[in-house]
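Starting off, we have a lone chain in the form predicted on its own, written out as structure tokens.
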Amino acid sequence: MSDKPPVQDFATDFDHTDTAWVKDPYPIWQDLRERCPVAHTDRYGGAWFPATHAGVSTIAKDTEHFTSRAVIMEVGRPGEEALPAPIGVAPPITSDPPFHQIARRLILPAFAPGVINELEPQIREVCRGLLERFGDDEEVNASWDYARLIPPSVIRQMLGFPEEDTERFIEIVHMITESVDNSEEQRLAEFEPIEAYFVQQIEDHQANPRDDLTTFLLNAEIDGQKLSLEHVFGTIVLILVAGIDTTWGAIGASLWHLAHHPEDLARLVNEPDLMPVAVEEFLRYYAPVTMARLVKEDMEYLGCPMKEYDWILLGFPAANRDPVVFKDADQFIIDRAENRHVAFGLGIHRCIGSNLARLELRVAIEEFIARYPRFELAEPSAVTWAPGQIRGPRQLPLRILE
């Protein structure tokens, strides 16, 4: 968190790292939907936040007026030389059409349902191993010591990276997604050792090919040409960052919910067939990801005077609570039958890893409640939430009940 002054009015001066937003953004978003559906701020060099489902959907699907060359809203504005269009630094999420489709199609097979479903035994083994570490503890930190460690274990094996580097992966995610108040120079300096690490992993895979996603990318071709090392590098960074913090947040938020909604916990314990439907409601109600775009040129859009390179913060979690689209939107309904949520985004950049995220979330909850069918928050005031564009509890002390 920074030393910036607190926000007085989120409609005209919003900040997604403000203490109030981080702690509980939902009343803020509801207020914005009712009186200012597209908020503005001069912070971060100028940014807009559509709080309605309609506003988020319109912008997310519009690749003519908005570019995805940068997706993490920060103080700096990388220039064209740092964000070469249309590829971007982390394809395909930072790629614009027409290259986006090429880059996305390239890695789709690695995240197909059949491929991902084969990972279920591995994910269960990871979850059970983490739960075994708790032993007979009467209090456990379900976020830091459980949810936090599941995604990097899975992603590490997919990429073929060393097991001992799990903590390093989390540090990388923290730097990229949370240190957004640092200057561009600071962030570039912080990224240098991260870049060196990924280069080392790529070089190791070039010298010692194996059956993993990194080697797949090194052997992949577009129009008969192997991918540039910059493309391979960027896609690996994307998979690591997008695959860790987001799922950590989703698992943690789901366990946080169950800790103070014993009726929902009891239903999941006693009605295991309910789990797939419940997972979708967890994703809607506690959607972890807010994604950024940049305005391509000065224009009037949704009634707003947007300027070139203004940020757009796409509030997918806010869209999921819009009562215009969802009946009883502000209520968590564990058996909600109709649930066309946008937790995984909209448009061409809809999350390519949604199958993996759903699987990890389901298995993580199943294994936790199988071991601990009754639990509660140990100290509600000790729960902390991540700042920035990925929402989820970072500290989640739970008391295990008999």
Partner chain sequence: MKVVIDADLCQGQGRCFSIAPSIFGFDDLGNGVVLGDGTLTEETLELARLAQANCPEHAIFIEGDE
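Positions refer to the first chain, counted from 1. The model shown is predicted, which means the values in this text are computed figures rather than measured ones.
There is another form of the same protein, the form predicted in complex with its partner chain; it is not shown, and what comes next is about it.
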> Which residue among Arg168, His261, Arg104, Arg124 has a heavy atom within 4.5 angstroms of its partner chain in the predicted complex?
Replying inline: Arg104
>> Under a 4.5 angstroms heavy atom criterion, identify the one residue in Thr58, Thr63, Gln30, Asn339 near its partner chain in the predicted complex.
In response: Asn339
>> Within 4.5 Å, heavy atoms only, one stretch in 363 to 371, 64 to 72, 343 to 351, 32 to 40 touches its partner chain in the predicted complex. Which?
In response: 343 to 351
> Given that the partner is absent here, does Pro193 sit within 4.5 Å of its partner chain in the predicted complex, heavy atoms only?
Replying inline: no
> At the 4.5 Å heavy atom threshold, is Glu280 in contact with its partner chain in the predicted complex?
Replying inline: yes
> Does Gly114 reach its partner chain in the predicted complex if we count a contact as any heavy atom within 4.5 Å?
Replying inline: yes
> Would Pro109 count as touching its partner chain in the predicted complex under a 4.5 Å heavy atom rule?
Replying inline: yes
